[in-house]
Ligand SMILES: Nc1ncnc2c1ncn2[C@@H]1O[C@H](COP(=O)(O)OP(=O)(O)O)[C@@H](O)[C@H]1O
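Presented as structure tokens, the chain that follows is alone, the form predicted alone.
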Amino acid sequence: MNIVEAEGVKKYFPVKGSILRREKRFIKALDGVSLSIEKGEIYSIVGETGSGKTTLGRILIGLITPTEGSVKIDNIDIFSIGKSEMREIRKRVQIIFQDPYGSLNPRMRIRDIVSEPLKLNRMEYSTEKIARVMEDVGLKPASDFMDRYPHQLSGGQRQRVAIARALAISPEFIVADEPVSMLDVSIRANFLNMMREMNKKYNVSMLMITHDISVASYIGRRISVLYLGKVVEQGENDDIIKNPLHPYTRALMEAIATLGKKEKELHIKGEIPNPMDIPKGCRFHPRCPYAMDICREVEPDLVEISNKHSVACHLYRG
């Protein structure tokens, strides 16, 4: 059963024109994204900066309203309900932000930061409950951290506080927006293992947003590869990692450092285009080493190539 269902989600941010250029222009952050996340699942979204990952995550929990499309949480369309119903939905979803330095109030003690969602949602809480969730995420013993301030903790400890805060209200769905990108490489694996343990212990579904496909493959059961607001490949973890189909996915795989590898086998050129000026045809064609004439004219649809493994690429057209 699905906890989250997104269908045809688009988000266009209007950009003010200049005196010389008055026509309306838009940043097309998302341009028709569909996915579903099962209850208890960790689902990964991977892509470069500017691909629309964070915008998608915030739409899925109702922080941003989409320009078009629908989002359902437990079969409830969250953008067609009233404020009181939305308040109830907010008790069931949480987000972990990328920056553990900026996401915690520096004037609050750790005990108050972790208990804040419970207070805001008028839910019962106790020192014992706060201590239990803190120790679940590795802040042991909790008594050593309760009365500290964020600046007295390391970056990894601050991010654990952010996770404890998210888990405190026992949500059903958490969006984790690049939660390990600002952590030292040496502690990332332990941190990801802890998140997997929390996924099982709290039976909470998670969306892992990352630019690192190795992180996505380590923690997610299914993966969507996002490029310039579109899903270019989608499927089970093993299928994506062992048999990447889209040239962009293959390039992300080649970017993973491997001992003994002298150079990348697949080179992509340039940077991700401006989302205000999306290329005609396939969005990836200006950087793709396999671009054909059709790629410059026709945008490929996302089609299923094998069981639950889909790709949007003219290399696989029938």
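When you see a residue number, it is the position in the sequence shown, counting from 1. No experiment lies behind these values; they were computed from the predicted model shown.
Omitted from view is the form predicted together with this ligand, to which the following refers.
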The single option of A29, L252, V33, I42 touching this ligand in the model of the complex, heavy atom within 4.5 Å: A29
Heavy atom of T49 within 4.5 Å of this ligand in the model of the complex: yes
Heavy atom of P275 within 4.5 Å of this ligand in the model of the complex: yes
